[in-house]
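The chain below stands alone and is given as structure tokens, in the form predicted on its own.
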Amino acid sequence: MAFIIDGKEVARKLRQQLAEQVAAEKLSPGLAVVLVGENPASQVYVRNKARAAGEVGITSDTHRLSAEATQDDVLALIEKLNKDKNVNGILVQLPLPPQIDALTIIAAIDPEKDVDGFHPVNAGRLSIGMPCLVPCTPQGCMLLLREALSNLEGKRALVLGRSNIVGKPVAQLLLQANCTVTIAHSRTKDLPAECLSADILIAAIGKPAFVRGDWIKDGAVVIDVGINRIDDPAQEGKTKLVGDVDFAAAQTRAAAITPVPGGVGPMTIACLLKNTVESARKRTSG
């Protein structure tokens, strides 16, 4: 049976390290979260981020705008936060209402305060191996991989998904770790064969239990980024969270695997805090 990579514990250790760093260096990191509308899931995420920020010593302020806010309203707020010297990180909670273009909003954030790592400047710097704020979920994936593999060099890695948020940046990070990287997607032919060739499989497509157990190479390391809510067959009227990988079946073949929940999710928030602290350190030293 596979070793279960405990994202909660790895995230806890990272938060502890960040808290010690903030205290030792007498930093005062500030995180500004922009929440537009009343999306229930977004509100839960924002509360979780604020609580975790407080544990580390980061001041977190949530700026709430109504669902009817215009794009100009959001851009005006971003401009204000860009100029605020007490704000080291700006996070715009996605998704945004349909009248607001997310790419325009992201591009308006000061790249040095873009703690999500989505700004085109940070994406470009990542692609050519320059220092940058790295997207949180891909960064978390790499930290979890290191829990199972001390050396990634020469490993064959398959990234299932090509989003700007996870698929593309995690592929860049795997390349930087000297993996041989393949990106698979909805148009990939013979996907099971591609998966079976991978020493490392990163699944990030948003389809519950899509990756079957017999697609997993014996001894592979599986990082499941998917968070899908489905009806719970064991409890009528209840739902549960599952990943993109059939966990029970994959666990019999993989050497190590992340669970859902409790795998990548906690690492995403911890890496957001890490980026905020890094931004604060850069401003202090600069």
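We number the residues from 1 along the sequence you see. Keep in mind that what you see is a predicted model, and the values were worked out from it rather than measured.
What comes next is about the form predicted in complex with a small molecule, which does not appear here.
The contact residue chosen from L191, L175, A102, L149 relative to the small molecule in the model of the complex is L191, the criterion being a non-hydrogen atom within 4.5 angstroms. I227 is the sole member of A50, I227, L65, A249 with a non-hydrogen atom lying within 4.5 angstroms of the small molecule in the model of the complex. I205 belongs to the set of residues with a heavy atom inside 4.5 Å of the small molecule in the model of the complex. Of the heavy atoms in L160, some are within 4.5 Å of the small molecule in the model of the complex. Although the partner is absent here, L133 is not a contact residue: none of its heavy atoms lies within 4.5 angstroms of the small molecule in the model of the complex. Interface membership of R156, defined by any non-hydrogen atom within 4.5 Å of the small molecule in the model of the complex, is ruled out. Listed stretches are 121-129, 92-100, 79-87, 178-186; the contact stretch with the small molecule in the model of the complex is 178-186, by a heavy atom cutoff of 4.5 Å.
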